[in-house]
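Okay, here we've got a single chain as structure tokens, the form predicted on its own, with questions on binding and movement later.
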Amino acid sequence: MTAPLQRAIFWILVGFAVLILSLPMVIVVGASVTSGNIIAFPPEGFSLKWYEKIAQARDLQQAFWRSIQVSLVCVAVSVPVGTLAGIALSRYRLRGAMALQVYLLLPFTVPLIASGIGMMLVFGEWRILGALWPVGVACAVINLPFIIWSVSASAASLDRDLELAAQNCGAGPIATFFHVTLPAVMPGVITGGLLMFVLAMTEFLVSLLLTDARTVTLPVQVYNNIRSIITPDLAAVSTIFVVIALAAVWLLDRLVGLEIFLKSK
């Protein structure tokens, strides 16, 4: 096979993959600006009335702010835990490190339905089921491997001599951590934190099991609305999720650069 033919096949496959990945998003965004009363693509005219409708929908507004609270709790829990775990696993020789890695990555391999039911039983026994902060903790637990991987990638590239130099200058372990180690792994921390925020914002299954009618998050509220009738306002809500994800990618690029994120994967 000649080199030009190989390049042509490669770009055809890349284009096909991009098309498949972007097509659902294009359809959702197009359906959200239709002037008709049903989801249709291509849209029947152009109108922003469905965005106006969700802006006035009190139940969606409340569910949105609950999702924000859940995401903030998730970040507050996962960032310190994931940062310390990522640094420890990549920088230090720990006894039973392999077993510890398996344990920390276990939530990623266990089906979400199993994790959700287990947390529902535990939180129910503790009489905190239905509150918002346990949902944030649950999202942190199930997505913790992502921030561990991100921080580990940054910690692995940290020059050990920098920490030794700080210690030779009289800095103690705590001062070395906050002035040398933590700034060096900050790109991984920021990457993992943004990823955890977005994942918690869009988490559905665990939120469905851990919330009640008073504390439903936005994905659960959308699901409840879909069970009755599917209208373009739900496509508008889905577009909001797309915008949030794109905003996170833009912020990530501005803060640490997308190349850092790609290396952490």
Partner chain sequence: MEETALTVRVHDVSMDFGSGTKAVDSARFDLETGRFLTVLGPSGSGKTTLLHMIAGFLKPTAGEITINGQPVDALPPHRRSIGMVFQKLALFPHMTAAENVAFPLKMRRWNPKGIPARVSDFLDLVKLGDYRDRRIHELSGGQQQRVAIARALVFEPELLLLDEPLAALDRKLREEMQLEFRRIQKELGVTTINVTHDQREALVVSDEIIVMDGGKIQQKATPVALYQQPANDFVAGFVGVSTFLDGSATEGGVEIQGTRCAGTHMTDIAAGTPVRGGIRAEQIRLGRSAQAVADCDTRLTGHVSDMIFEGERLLYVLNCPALPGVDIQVYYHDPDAFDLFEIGSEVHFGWRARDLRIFRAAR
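Numbering follows the first chain given and starts at 1. What you see is a predicted model; the values in this text were computed from it and never measured.
The next section is about a form of this same protein that is not shown, the form predicted together with the partner chain.
_I'd like to know if Gln167 sits close to the partner chain in the predicted bound form, meaning any non-hydrogen atom pair within 4.5 angstroms._
Result yes; Gln167 sits at the interface with the partner chain in the predicted bound form.
Worksheet entry | Non-hydrogen atom contact Ala171 with the partner chain in the predicted bound form at 4.5 angstroms | Looking in the predicted bound form, residue contacts with the partner chain include Ala171, since a heavy atom lies within 4.5 Å.
Any non-hydrogen atom of Val180 within 4.5 angstroms of the partner chain in the predicted bound form: It does: once the partner chain is placed as it appears in the predicted bound form, Val180 has a heavy atom within 4.5 Å of it.
Practice prompt. Although the partner chain is absent from this view, report whether Asp161 comes within 4.5 Å of it in the predicted bound form, heavy atoms only.
Written response: Because a heavy atom of Asp161 falls inside 4.5 Å of the partner chain in the predicted bound form, the answer is yes.
Review point. Picking from 172-180, 191-199, 119-127, 135-143, which part of the chain touches the partner chain in the predicted bound form when contact means heavy atoms within 4.5 Å?
Key: Every other range fails; the passing one is 172-180.
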